[in-house]
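One chain comes next, on its own, written out as structure tokens in the form predicted on its own.
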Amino acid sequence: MKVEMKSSDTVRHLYVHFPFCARICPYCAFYKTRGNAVEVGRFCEALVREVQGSSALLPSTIYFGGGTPTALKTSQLEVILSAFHQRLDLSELKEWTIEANPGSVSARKAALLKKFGVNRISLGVQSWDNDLLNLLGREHNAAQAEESFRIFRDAGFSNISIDLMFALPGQTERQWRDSLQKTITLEPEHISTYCLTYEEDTEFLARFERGEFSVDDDREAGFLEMAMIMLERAGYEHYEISNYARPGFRSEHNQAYWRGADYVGLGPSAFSTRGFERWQNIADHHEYTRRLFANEAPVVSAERLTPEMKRTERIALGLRTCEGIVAHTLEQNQVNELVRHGLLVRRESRVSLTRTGRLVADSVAAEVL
């Protein structure tokens, strides 16, 4: 299956999926694998070939996600970063993010990323409690996470985001408060706080189905409310349900997703959306590599989106942001009812979630869709 991109179809946002991890986290549902040295090396060559076929890109944002992009060797990262500079027009690039696992960070890698123009780091700390890190299957401890943060600061990075998770099995309010306070003390420019969800094909879902773990909606709302209070008091804008930023440091790449912008995804399992077209690369790094070496497209599926599908996505994603959505896209009786219950607020032609609404954002979205 092949999806053609004409030179006139310029896309401004690029996602690149790196599937390799040193350890497989039991809660993660993204496509990932451990891989050996040969497999990783061939993947890097295949990715360079896919970049070569992406001349219709004029990116303003690039996001390296995974998996663990920093699991690659420094020399492998250099090959890929060089290819991006050689094959793409980066003259309008504003934000280049890479996800980093604290267990795979070094001063040499940080210096290389800085040299090639990566200007934003998303550091997957998840927790500052070592017991919870062990539960999550992370390869780092709290001390390594802090050292990784310092390495990036020393390398000159002035835009660092820290990821945290809440509502973990057995996690106490004290542990969550301490993780938030520790993060605030480090003064990152951006903080993401994600509620644990039990995803298909994960070890955590299997344990949930066996009754080892449970979900408590009130507890989850309490953790979210604690994050909102502490981070807003510390000067962070709560600009999306899971994201907080110092003024001027919102994620440009993620905001493009939430606003429904076109984007291209490279690497195994990556999605792309352009207009009413959406396609996905095959979620198998062996077959992804084989196809690219055979000059075949790695696309495994494609669909034509309907206006109603686009509208639904726009509402679901837009409601999560502080800007909200245009009011007339919703049924007005529903809007009025949610406003009366204090879950939505009107601001000129738009509606957005109130603080109370943010605590039950999924329920509000389900009500209006």
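Start at 1 with the first residue shown and count on from there. These numbers come from a predicted model, not from an experiment.
Omitted here: the form predicted together with a small molecule. The next part is about that form.
Within 4.5 Å of the small molecule in the predicted complex, a heavy atom is found for not a single one of L72, K109 and F149. Checking 192-200, 72-80, 213-221, 255-263 against the small molecule in the predicted complex, the stretch whose residues place heavy atoms within 4.5 Å of it is 192-200. Proximity to the small molecule in the predicted complex, defined as a heavy atom within 4.5 Å, singles out one entry of D163, E237, E287, E277, which is D163. Put simply, of T183, T97, S269, N101 only one has a heavy atom within 4.5 Å of the small molecule in the predicted complex, and it is N101. Taking the partner from the other structure, the small molecule in the predicted complex has no heavy atom within 4.5 Å of any heavy atom of A56. Mapping the unseen interface onto this chain, N243 falls outside it, with no heavy atom inside 4.5 Å of the small molecule in the predicted complex. Though the partner is left out of this view, T68 does reach within 4.5 Å of the small molecule in the predicted complex, counting heavy atoms only. Contact annotation: N159 falls outside 4.5 Å of the small molecule in the predicted complex, judged by heavy atom distances.
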